[in-house]
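The chain below stands alone, shown as structure tokens; this is the form predicted on its own.
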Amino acid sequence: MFNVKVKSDVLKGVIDVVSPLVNEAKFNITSKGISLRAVDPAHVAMVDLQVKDKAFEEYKANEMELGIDMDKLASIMRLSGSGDIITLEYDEDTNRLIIKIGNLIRKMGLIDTAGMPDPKMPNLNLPAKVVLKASELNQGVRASEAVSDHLALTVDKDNFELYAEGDTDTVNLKLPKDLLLELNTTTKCKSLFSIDYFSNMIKPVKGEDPITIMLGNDNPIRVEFNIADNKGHVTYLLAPRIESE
């Protein structure tokens, strides 16, 4: 059984988190909420998503897996307005997800989850931790997108820095410790990342909401934030670009 009611903004938030990485996703359903873990086809990035049952207006579910085409779900959700209550119901007889938006009913065929992997979340020991407002980070990333396809993130005991260099232009965002919500590091850390991936990861976080970044030297970055009024949590991992000598 899977029969829930959820605000459209919560469901759109889930789509924004998952769809940049994978087109087809396996959602693990339990009585306590939904979760998902997926790796993008290029094996560059990973997402771990948890949404508690309390994030839903109504929630009744047994343990099951739902294989969902994220593009299809996104196109259906474009028909909904902010504040709409969406009903989702699993029809076992037809293996479809029934989606109700107002008086509209859409029955969506589900994907077989048998061949879908269950990736393990690697245990990374990343020495630097920074917590900052999404608006600050978004500004730096948006500026970087105009000059390069990659950016460098650096953390030392006093600052968090974002730097991007193109053929003719550069972008530099330097935030001292007193402008950050938290800065904690035992050493200076620097890693290089794809702007496309990094931009998609932070896009779901709005305004003054906090983003946590864990960083090492030429290590994957770990990005964490809450969604669904703090009743859902997202963790991304992104592999670094290693600079050639």
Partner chain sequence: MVDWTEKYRPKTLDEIVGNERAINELRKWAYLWKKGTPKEKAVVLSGKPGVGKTSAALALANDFKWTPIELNASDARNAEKIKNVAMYGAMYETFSEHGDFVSSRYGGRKLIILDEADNLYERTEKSTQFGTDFSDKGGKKAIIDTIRVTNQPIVLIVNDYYGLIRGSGEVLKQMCKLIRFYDPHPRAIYSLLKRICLSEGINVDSKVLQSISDRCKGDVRSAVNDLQSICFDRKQVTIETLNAIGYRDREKDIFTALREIFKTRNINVIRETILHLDVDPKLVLLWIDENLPREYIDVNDLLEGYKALSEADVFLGRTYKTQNYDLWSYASDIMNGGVALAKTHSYPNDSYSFPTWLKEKKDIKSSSVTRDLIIKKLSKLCHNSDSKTRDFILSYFINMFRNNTSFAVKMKKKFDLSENEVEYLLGKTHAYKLKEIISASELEDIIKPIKEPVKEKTTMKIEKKDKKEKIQQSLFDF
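None of these values were measured; they are calculated from a predicted model. Numbering follows the first chain given and starts at 1.
What follows is about the form predicted together with the partner chain, which we do not show.
Heavy atoms of residue 7 never reach within 4.5 Å of the partner chain in the model of the complex, leaving it off the interface. In the model of the complex, at least one heavy atom of residue 149 sits within 4.5 Å of a heavy atom of the partner chain.
For residue 46, a non-hydrogen atom is located within 4.5 Å of the partner chain in the model of the complex, even though that partner is not displayed. Although the partner is absent here, residue 185 is not a contact residue: none of its heavy atoms lies within 4.5 angstroms of the partner chain in the model of the complex. This chain appears without its partner; in the model of the complex, the one residue of 15, 237, 228, 22 with a heavy atom within 4.5 Å of the partner chain is 237. Contact annotation: of the candidates 204, 33, 67, 220, the single residue with a non-hydrogen atom within 4.5 angstroms of the partner chain in the model of the complex is 220. The chain is drawn here without the partner chain; in the model of the complex, the stretch among 76 to 84, 135 to 143, 111 to 119, 164 to 172 whose residues come within 4.5 Å of it by any heavy atom is 111 to 119. Along 176 to 206, residues 193, 194, 196, 197 each place a heavy atom within 4.5 Å of the partner chain in the model of the complex.
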